[in-house]
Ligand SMILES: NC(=O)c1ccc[n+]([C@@H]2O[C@H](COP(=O)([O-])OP(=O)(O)OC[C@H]3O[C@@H](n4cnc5c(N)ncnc54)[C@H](O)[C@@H]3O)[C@@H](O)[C@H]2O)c1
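Single chain ahead, by itself, as structure tokens, in the form predicted alone.
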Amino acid sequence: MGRFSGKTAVVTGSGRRKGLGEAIARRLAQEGAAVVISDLGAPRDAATPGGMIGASEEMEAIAADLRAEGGAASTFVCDVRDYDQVRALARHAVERHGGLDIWVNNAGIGYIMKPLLEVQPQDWTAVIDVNLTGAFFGLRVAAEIMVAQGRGGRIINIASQAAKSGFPHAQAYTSSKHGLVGLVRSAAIELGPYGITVNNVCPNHVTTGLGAWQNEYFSKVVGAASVDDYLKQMAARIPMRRPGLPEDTAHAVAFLCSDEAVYITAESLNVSGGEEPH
């Protein structure tokens, strides 16, 4: 028995190995939650290339691992840019696992990075549609079910250090993550009376599959001698002297989902080793 036994959690963007979503799903499952692994399943367009999204086979493998470890898990292919697909994902959670108690908006695009004067309208739209509009869709459908259930709930967005500070070559990304701060502050006011908390978790850099791509890209942007040199420079400016790990974010999510965090809402919690103190 764990502290999330009898609860159901949906984690979007959780279909990639070594990603934040997988770590979050695993932590919730380890503590008793039935977890829905959700991702795109296959590339949909130029903004969602193979290698940057969770394929159906990878999603199924992650769910199988969770079941082998004693957890309950299912998979559901969903494009968070499509409201009807997000609603279908929520219905799957209810029909397959008996309810919906935790919704984690983790799906995001962090691989469209360009100098400002090279950004095209479609680049901006792609990032905002997934990172901000997709999070709103998830929040909206989860809240509707949680209100109807009448037993409260937890909605968490995986934002970023970029929700607090600006970064070059990341105009749309930074704007989308800043937007999540306003989203939770507004939604928390309306959902608080129903016992539903709404929060962001804001990690600094984490070397996931996406993070490895970012390491390569930004090491060239800043003129580092190598990726290793870039990572050493990064670690030197972090008080804890290392970048984040997927488990660091997963720990924060688990806390915000717990009864201990029942009075915490509208917050954007930094998980940055002290790099982002505001």
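The structure presented is a predicted model; accordingly, all values stated were derived computationally and were not measured. Just count from 1 along the sequence shown to find any residue number.
Unshown form predicted together with the ligand; subsequent notes refer to it.
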All of Lys7, Arg140 and Tyr194 within 4.5 Å of the ligand in the predicted complex, heavy atom check: no
The stretch from 117-125, 140-148, 173-181, 91-99 that lies within 4.5 Å of the ligand in the predicted complex, judged by heavy atoms, is 173-181
Given that the ligand is left out here, which of Val104, Ala73, Val198, Val130 has a heavy atom within 4.5 Å of it in the predicted complex? Val130
Interface check vs the ligand in the predicted complex: of Ala63, Ala29, Ala250, Leu210, the one with a heavy atom inside 4.5 Å is Leu210
Leu20 near the ligand in the predicted complex, any heavy atom under 4.5 Å? yes
Just checking whether Ile158 would be counted as a contact of the ligand in the predicted complex - the rule being heavy atoms within 4.5 angstroms. yes
I'd like to check something about Ala187: if you look in the predicted complex, is any of its heavy atoms closer than or equal to 4.5 Å to a heavy atom of the ligand? no
I'd like to check something about Ala34: if you look in the predicted complex, is any of its heavy atoms closer than or equal to 4.5 Å to a heavy atom of the ligand? no
Using a 4.5 Å cut-off on any heavy atom, which residues of 80-116 would contact the ligand in the predicted complex? Val80, Arg81, Asn106, Ala107, Gly108, Ile109
